[in-house]
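Heads up, the chain below is alone and in the form predicted on its own; it's given as structure tokens.
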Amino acid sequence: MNVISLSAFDLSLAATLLLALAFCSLKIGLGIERQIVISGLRMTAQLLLVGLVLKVLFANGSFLLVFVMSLFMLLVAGYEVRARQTRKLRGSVGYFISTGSMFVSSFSVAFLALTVMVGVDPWYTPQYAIPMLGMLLGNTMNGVALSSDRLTTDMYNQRGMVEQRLLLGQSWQEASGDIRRDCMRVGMIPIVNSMAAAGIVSLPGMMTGQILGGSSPMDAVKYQILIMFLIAAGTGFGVITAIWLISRRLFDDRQRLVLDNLMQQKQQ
């Protein structure tokens, strides 16, 4: 089965729906019409560029090119996580924590899947490695961003309660335990909901793409189950790692809450 090719006219028709949404935002007064248009343009440019890069990458299959592409994806994901936070850690610490958390979770899970579960040879074959890593990084990025933003905001807003618990003799782990657990749940809820709704409410993207590409529905289902398990594990481990590292940064060696490490609230 051949994939039906889309023309520029087809994409233009789809773009009119986005413009219609932006117009509705303008008329209603939501104030996000500019973001809608800019995000649409940015997405189009980024995907077209990635398409050209992947075309070269798939034809070459070099480990060095795959590594450079993967590293670039990781660094951009780390930047996006930091950019989404209302309150951030001062300096570059927050960026390195977010990036490191995603590296430990996404890269390790992707490597395990490529070498053991999928068993592709060589394991860095770009047709498998780049899409799998991209899905892992994208979902881990969302989880880490949500949980990190919730943690720094809640620690700032509930600093009085945390400091009272510290004065009563609790350790920083005990004083911040409820907040940290809530933040971890927030970061994991999207992937848990996605797993619960997959196959009933929605057909996930990878499965849909494989079916449109002519793959057997059962083969597409098997790959989608694998990817959902990997995304859930990567997101969970990334969120847990990020929350622990950020929390540790907010307390000093004397078990005191150090809010000076937090930057001022992001300008709206």
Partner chain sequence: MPTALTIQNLRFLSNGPYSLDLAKGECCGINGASGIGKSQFLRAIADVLAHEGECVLESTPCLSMSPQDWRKKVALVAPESFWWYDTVGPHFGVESADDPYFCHLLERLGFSLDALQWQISRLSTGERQRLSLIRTLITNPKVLLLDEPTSGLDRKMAAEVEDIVAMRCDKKESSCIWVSHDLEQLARLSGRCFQLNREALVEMFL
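Numbering follows the first chain given and starts at 1. All of these numbers come straight from a predicted model, not from anything done at the bench.
Unshown form predicted together with its partner chain; subsequent notes refer to it.
Its partner chain is not drawn, but in the model of the complex it has a heavy atom within 4.5 Å of Leu166.
Among residues of the shown chain, Gly160 is one whose heavy atoms approach its partner chain to within 4.5 Å in the model of the complex. In the model of the complex, its partner chain sits within 4.5 Å of a heavy atom belonging to Ser171. For Arg249, no non-hydrogen atom is located within 4.5 Å of its partner chain in the model of the complex, even though that partner is not displayed.
Remark: of stretches 21-29, 240-248, 8-16, 254-262, the one touching its partner chain in the model of the complex is 254-262 (heavy atom within 4.5 Å). Contacts to its partner chain in the model of the complex (heavy atom within 4.5 Å) from stretch 54-88: none.
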